[in-house]
Structure formats: C-alpha cells, structure tokens
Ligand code: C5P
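Presented below, as structure tokens, is a lone chain in the form predicted alone.
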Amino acid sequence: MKILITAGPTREYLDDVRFLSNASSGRMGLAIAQAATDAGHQVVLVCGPIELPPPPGCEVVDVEGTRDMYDACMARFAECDGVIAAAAVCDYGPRERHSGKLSKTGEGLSLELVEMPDILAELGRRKEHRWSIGFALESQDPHAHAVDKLRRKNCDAILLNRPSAIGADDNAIELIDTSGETVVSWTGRKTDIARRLIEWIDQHFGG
C-alpha cells in the first residue's frame, strides 16, 4: 500500500519570529513511518518542524504551518490508499501576521485567533475507497471525545492517547473502530506500538 502519514507540530506565526505551536516531538509519526516502510509499504510523510531525522525509505514533504500541511495532504492523498494523521496540528492561529518583530509598548496585547483548516475532516470527506486513521489526544472524558472525533471526521479508526505522550518515548494507546468500542490497547515504546498498528492496518485494510 501507499500510505500518507502526518507527523510533528505545525506553527502559526504572530510575527516574523514568534509563533503558536505545541510540544510535539514527531516521534509517534516517525515511528509509524518507519514501521510502514519496514513492512514494505510506500510512505509519503508530511512532516512539520521537528529536530528528529525522518526514517530512510519514505518520501518526505516538509511543511511548517497548518495551511501548508493541509495543501500537501490534499495534493497527495489521491495517490494513496489511506492516511494516518499523527501530526499535532494547531487548531487556531492569529488572524493577522505582523511584519517584522512586535516590540513591547508597556501595554497588553490582544490577539484574534481563527480556526485553521481541519485536515483530517477534509481527508475524511474526500476518502471515497480509501481509509483514514486519526489520533485523539484527550484528558477529560477521553473515550467519548475520541468517538465523537472519529465520527465527525469520518475516520475508520481513531487512536486515543493522553497528554503524557507528548515528547515521550513511550505511549499508551486505545484503538477505537467505527463501532465506537476499544478493540485493542497497546502500551510501550512508540516504535513497538507503531509496528503493531501497521500490523493491524495490514490485517484490516491490506486486502
């Protein structure tokens, strides 16, 4: 199969030097890309700004902002069999990017934030015969929020994890399918979880 994988954070700039983002290291997405290539799949890795090197053997599309990632995913999805959206995408960004560097004025600064494009939801609308798997990072009523995300974004499965996964080498994941039930749980190194995820995908979508 040919799999589109997103990884890492995105950045939404306030001015030329400051931005909104998050602490995602990209480790989970990179581990999935490695596991997929090890299993013989072709991988298109759309990757936000991270310090870790991408795994060899996959095609890398480097992006920075959410709109950049959206455009790259929409451009490449049609040639793929499915998508695993592991990126920690900014949901909001400044309405206006200031030119240069904002200076202190001795007063407060108000920012107007607007919603960024919803990459996973749009892929879900466009998927047709393809499959899509998303991630849900939840802390309050996690299962219910993950199921809601799965259905709103027309996913075939959602991977539920917790904020403790950010930047860590280990993870604990529940895989929830379209029934809304947790069908399997994995705990351990992200590399091991990634391998198990690809095995699950091969079993369910490989045919």
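Start at 1 and count along the sequence shown; that's the residue number. All values derive from a computational prediction rather than experimental measurement.
Beyond what is shown, the protein has a form predicted together with the named molecule; the following relates to that form.
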{"item": "Contact test, all of A85, C90 and I119, partner the named molecule in the model of the complex, heavy atom 4.5 Å", "value": "yes"}
{"item": "Proximity of F135 to the named molecule in the model of the complex, heavy atoms at 4.5 Å", "value": "yes"}
{"item": "Candidate stretches 177-185, 147-155, 23-31, 50-58, one within 4.5 Å of the named molecule in the model of the complex by heavy atom", "value": "147-155"}
